[in-house]
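One chain comes next, on its own, written out as structure tokens in the form predicted alone.
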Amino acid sequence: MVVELYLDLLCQPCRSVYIFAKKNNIPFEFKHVELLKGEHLCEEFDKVNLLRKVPALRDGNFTLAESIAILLYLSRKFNTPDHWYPSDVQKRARVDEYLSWQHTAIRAQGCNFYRTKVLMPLLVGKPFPAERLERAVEDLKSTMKQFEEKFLQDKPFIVGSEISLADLMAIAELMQALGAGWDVFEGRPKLTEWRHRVEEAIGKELFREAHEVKRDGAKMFVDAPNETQRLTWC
């Protein structure tokens, strides 16, 4: 029995899980949950994840929520290469450190920028006040500076010479801002070089596949049934 992964690639953590599973040849069934149609709010999905968010996993009778928990489960169950979540206690601690930090930092600020730049203007039918967007940009810039100085430093990857789960989660968040029309890598040579290394480590074709949204996301957002379905999903 293959693992079932409930995903929508509009969602950053879903892209991380998808890339990880594909890159490591993990047998899984892609269960597409269309967030903008509110499919994560239906009773059927409650059987998989009562939190009503993606990603979610089902492995036989076992279900699991939260992207990091899912990534760790897959890495252990399928004995993926050590560099993803190193057995070395200090390297593993570095991965844990980033994964703990990113929730209220790069993910929070990235989501705030995306909401302010893309989602809320679509919802209200006009751009948000310029000062709100400027503040969101400055907050994300500050967080990216912390990311470069604290976590990346002068290393090829966050933990050293090889890609890890930390890099995978980070790149998905930064690509979201890029998709909103702001090239967060411009003028940041260290960050740009890191992005290219991550893309090479993942594989350019897989990287591109995971980040292509093959639909009119803006239109579907406007057509979503209600504000809750539009703004809370992953």
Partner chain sequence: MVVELYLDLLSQPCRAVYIFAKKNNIPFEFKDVVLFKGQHMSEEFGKVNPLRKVPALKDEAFTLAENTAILLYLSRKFNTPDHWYPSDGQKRAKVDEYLSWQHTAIRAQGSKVFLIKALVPLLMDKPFPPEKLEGAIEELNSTLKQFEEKFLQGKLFIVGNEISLADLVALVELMQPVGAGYDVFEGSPKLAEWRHRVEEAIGKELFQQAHEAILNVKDMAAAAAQLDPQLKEKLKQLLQKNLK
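This structure is a prediction, so every number in the text was calculated from the model and none was measured. Numbering follows the first chain given and starts at 1.
Here the subject shifts to the form predicted in complex with its partner chain, a form of this protein not shown in this document.
Contact annotation for the candidate site: Ser161, Met175 and Ala201 all lie away from its partner chain in the predicted bound form (no heavy atom within 4.5 Å).
Proximity of Asn79 to its partner chain in the predicted bound form falls outside the 4.5 Å heavy atom cutoff. The closest non-hydrogen atom of Glu209 lies beyond 4.5 Å of its partner chain in the predicted bound form.
Contact annotation: Asp96 falls within 4.5 Å of its partner chain in the predicted bound form, judged by heavy atom distances. For Phe62, a non-hydrogen atom is located within 4.5 Å of its partner chain in the predicted bound form, even though that partner is not displayed.
The partner is not drawn, yet in the predicted bound form one stretch among 175-183, 24-32, 47-55, 193-201 has residues with heavy atoms inside 4.5 Å of its partner chain: 47-55. With the partner omitted here, the residue from Lys155, Lys141, Lys150, Lys126 that has a non-hydrogen atom within 4.5 angstroms of its partner chain in the predicted bound form is Lys150. Among Leu133, Leu72, Cys111, Met120, the residue placing a heavy atom within 4.5 Å of its partner chain in the predicted bound form is Leu72.
Residues are counted as partner-facing when one of their heavy atoms sits within 4.5 Å of its partner chain in the predicted bound form; in 101-137 these are Trp101, His103, Thr104, Arg135, in sequence order.
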